[in-house]
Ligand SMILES: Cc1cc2nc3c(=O)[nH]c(=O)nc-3n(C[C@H](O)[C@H](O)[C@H](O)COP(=O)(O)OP(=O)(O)OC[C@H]3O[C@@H](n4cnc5c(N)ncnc54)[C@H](O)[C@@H]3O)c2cc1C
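The chain below stands alone and is given in structure tokens; this is the form predicted alone.
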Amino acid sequence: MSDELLSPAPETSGRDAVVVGGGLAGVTAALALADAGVRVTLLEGRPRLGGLAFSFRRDGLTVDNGQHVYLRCCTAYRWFLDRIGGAALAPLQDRLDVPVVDVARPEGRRLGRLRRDALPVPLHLGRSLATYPHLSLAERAKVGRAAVALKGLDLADPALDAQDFGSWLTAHGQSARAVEALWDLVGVATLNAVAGDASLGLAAMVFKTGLLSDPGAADIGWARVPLGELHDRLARKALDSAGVRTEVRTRVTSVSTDDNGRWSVQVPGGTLAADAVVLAVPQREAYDLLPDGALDAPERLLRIGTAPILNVHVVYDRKVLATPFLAALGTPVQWVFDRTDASGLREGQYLALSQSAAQDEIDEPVAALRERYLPELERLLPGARGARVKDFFVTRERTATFAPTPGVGRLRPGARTKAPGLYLAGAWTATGWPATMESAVRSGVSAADAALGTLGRPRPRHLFAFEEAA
């Protein structure tokens, strides 16, 4: 930790803030505060920024720990990309188009597509649903009726949080096949839970916002460069330009307030003083740092569960996938992405498999996963049958997201605490969104907005322009 970090800040009351945590929530909060004229110090325990969306080097390649995508409706994350100068590096599809391959049909491998037309909601998905080959005609009709019922749900109704999405789908005529081939195809990737384990409130939010709000809302975007380029290098450059003092490898051990209402942030070797503190850390870490009385029933944070994501990485000696990505049915494989160019691979092809809701596999040995997934990829991708596997490895995020279980909504706290000047941020806080990059950025904006009010600083309109686009 630098001596500069511990040096006293100039006497400018009401204008010093410390942000604890350098993930997307913390970086967002720091940028928003700094852009409003607040002097900000950002502390991150890891040697890098980006939280759980990061990159690392392996055998000459730059590897993302896991595949992350966003949608056109993710207006806060799109604002974040613009703010750090990275929007061109993570473009959106011109129009939603998802290849869906089913390898369990008796007649063999079959390709379908989920794509939209340039028509108003709900007609924009009408042709795609009418011709979707992975459901029967009767199942497609029932899906349409369920979508209409879903669109009619009131997301502000707290009763939705207490119900599970799977039971709701069953009650609305959805077959097990329809759940697998459509609802879970989307829901598992966005919620990190199968329908039966997911809050109806969160699931309804995903489908209403992503598929039933605006024709282009579900168009998919993803980084064409390593995530570290966006969430670490460009983020740090933006922080530096905004005047934020960023310290990595600096873990906060406690936060407390004095009789004058000033905050003290304890780090190894010293203490930082601040008028406002944003805790942008996971819920269990936030619980450990919260001073007494900051939240009513703080133990509720410990009841917010976590859910894992397993990422399988395969490098082939030749190209085996002709599209940027695909979704799969009838196989343990969920989604496959081509990461060849982003990783820097010059020969062959590098595929990343994103396996959400991976409770049953997260701790399995690499050898067992290799034995399971390589044959499945050969079933899914005919070109893989004659290809040589040059590398196979896995990355595991055991606490990748909060678990979106029924009842989780009442456990998620807002940005404000009962301690003046102390705020919470993180995808697990009460953003209304599941644990996505969008939720993380929204939480950082909410925490900064609350802090600016306490600090008596103006709320710069351009910082929150994404709200007008939502």
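Predicted, not measured: the structure shown is a model, and the values here were computed from it. Residue indices: 1-based, along the sequence shown.
Absent from the display: the form predicted in complex with the named molecule. The rest refers to it.
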Worksheet item: With a 4.5 Å heavy atom cut-off, would you call Ala403 a contact of the named molecule in the model of the complex?
Response: no
Worksheet item: Does Val281 reach the named molecule in the model of the complex if we count a contact as any heavy atom within 4.5 Å?
Response: yes
Fill in: 4.5 angstroms heavy atom contact with the named molecule in the model of the complex for Gly409
no
Discussion item. Taking any heavy atom pair closer than or equal to 4.5 Å as contact, tell me whether Glu285 reaches the named molecule in the model of the complex.
Written reply: yes
Fill in: Segment assignment from 31 to 39, 432 to 440, 55 to 63, 413 to 421: heavy atom within 4.5 Å of the named molecule in the model of the complex
432 to 440
Practice prompt. Just give me the single entry in Leu326, Ala242, Leu289, Ala87 that has a non-hydrogen atom within 4.5 angstroms of the named molecule in the model of the complex.
Written response: Leu289
Practice prompt. Would you mind picking the one in Thr246, Ser199, Thr250, Gln349 that has a heavy atom within 4.5 Å of the named molecule in the model of the complex?
Written response: Thr250
Discussion item. Let me test this: is every residue among Val143, Val336 and Ala358 within 4.5 Å of the named molecule in the model of the complex, going by heavy atom positions?
Written reply: no
Worksheet entry | Heavy atom within 4.5 Å of the named molecule in the model of the complex - qualifying residues of 56 to 77 | Asn65, Gly66, Gln67, His68, Val69
